[in-house]
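Given next, in structure tokens, is a single chain: the form predicted on its own.
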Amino acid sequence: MKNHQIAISAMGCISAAGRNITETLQAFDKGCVNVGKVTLFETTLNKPVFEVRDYQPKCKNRTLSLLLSAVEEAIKGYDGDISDKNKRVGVCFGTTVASQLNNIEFYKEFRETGQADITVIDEYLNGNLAEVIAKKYKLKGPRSVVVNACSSGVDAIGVAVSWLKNDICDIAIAGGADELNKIPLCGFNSLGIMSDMPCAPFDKDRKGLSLGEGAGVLILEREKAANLYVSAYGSGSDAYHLTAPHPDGAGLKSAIKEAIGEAGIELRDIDFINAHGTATLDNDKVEGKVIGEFFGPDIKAFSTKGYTGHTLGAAGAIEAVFTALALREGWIPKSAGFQNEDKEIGISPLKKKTEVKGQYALSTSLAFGGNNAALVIKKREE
């Protein structure tokens, strides 16, 4: 595989932090946190969530709607014709919910009456994220949907990078999307890892995660001059446990080593880290220890889940966009929710907006099943 430069030609994102990049940067700059009780559906669970509010959906399928918003922003910022018939444009998105759980009412009605309106099933069958985007923009290239738990968004970007490096396509639209849904809300609550308060990543008094929703999208190209690049992608699966991370962070270590090695840089070249930082006891402890072991206790680290909540399959993609924005803008936000250092973790996330001047940054993702992924994002040398 040739070590081609993979340019980030355009980006788009939507989350509780903002409905686009401009709103997101404003929230980061001011430290604004948009969290509250879910309004999308009825539930007796009084857990805080990071919902995209004041949002007019583009279709009934909410995951697809969020993705469409991010894709449209990216395409609007793209300097070229994404629908050029002479270009092979690949499409790869990560997800976990993907609106496939929006047929609860169908099954309820069918169970109670023996019949139900089939429309919702048609919507599900026509809800493949990659297929819908490819069809909408008449794209002629490979397409795939990655469902790999909470690393899905980063893994989808990794797949797209592989396509470009191996000349399978000329351009790729990659990222991830997920919506707030009552099934994962109840599921994570049953695991006992949801907080009664807004999540506090890496904080000594953290009580668990808060769910969120959104989408993040990158438009990637090979051998194009750009200000930002996906320098490398690494993955590692330790298959330690269905939901718990390996105590020593074996899979995460493997993913980081692969990404650093593929980028052709040293650990010391990483200026800052956008950590997965879910605010669960085990995840933050394991991830923090690995980061501290690799990069030292003084590495500039933060988690943006204090602004977005855990967006599941979209998380890695949204955070890839955030990491690229931080390099572009020259600053990173404070780690919302973090107040008290946990001595067992070994790192202390930023408590204030901080200037950054380095060329490389790392974004990490930890997922169920021992899946781990890492992206190295690069800024062009001035």
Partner chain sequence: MNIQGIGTISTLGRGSESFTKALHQGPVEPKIVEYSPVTKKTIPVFSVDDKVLKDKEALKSCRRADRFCKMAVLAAGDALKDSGIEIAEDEKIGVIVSTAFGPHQTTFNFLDNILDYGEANVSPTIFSHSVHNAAASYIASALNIQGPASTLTDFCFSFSNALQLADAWINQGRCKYVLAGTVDELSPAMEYICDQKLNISELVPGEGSTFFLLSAGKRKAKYCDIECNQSSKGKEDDGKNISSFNNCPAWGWIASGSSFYCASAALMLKNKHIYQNFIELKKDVSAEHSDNIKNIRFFDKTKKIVFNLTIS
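Residue numbers count along the first chain shown, from 1. Keep in mind the model is a prediction, meaning the values are calculated, not measured. Only the largest set of C-alpha atoms that superpose within 1.5 Å between the two forms is called the rigid core.
There is also a form predicted together with the partner chain; it is not shown, and the following applies to it.
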Check your understanding: Is it the case that T44, N148 and E262 all touch the partner chain in the predicted bound form, with a non-hydrogen atom of each within 4.5 angstroms?
Key -> yes
Point to revise | Per-stretch contact check against the partner chain in the predicted bound form, the hit in 215 to 223, 187 to 195, 291 to 299, 263 to 271 (non-hydrogen atom, 4.5 angstroms) | key: 187 to 195
Exercise for review: State yes or no: in the predicted bound form, is some non-hydrogen atom of D81 no more than 4.5 angstroms from a non-hydrogen atom of the partner chain?
Suggested key: no
Point to revise | Touches the partner chain in the predicted bound form: N371 (any heavy atom, 4.5 Å) | key: yes
Practice item. Answer with yes or no whether G234 is in contact with the partner chain in the predicted bound form, where contact means some heavy atom within 4.5 Å. Key: yes
**Study point:** Contact test in the predicted bound form: N227 vs the partner chain, heavy atoms, 4.5 Å
**Key:** no
Exercise for review: Within 4.5 Å of the partner chain in the predicted bound form, which residues of 110 to 125 have a heavy atom? Give them in sequence order, or say none.
Suggested key: F110, R111, E112, T113, G114, Q115, A116, I118, I121, D122, Y124, L125
Review point. Once you line up the core, how about D167: does its CA shift reach 2 Å between the shown form and the other one?
Key: no
Review point. Is E223 among the residues whose Cα moves by 2 Å or more between the shown form and the other one after superposition of the rigid core?
Key: no
Check your understanding: Rigid core fitted, then: does E109 show a CA shift of 2 angstroms or greater between the shown form and the other one?
Key -> yes
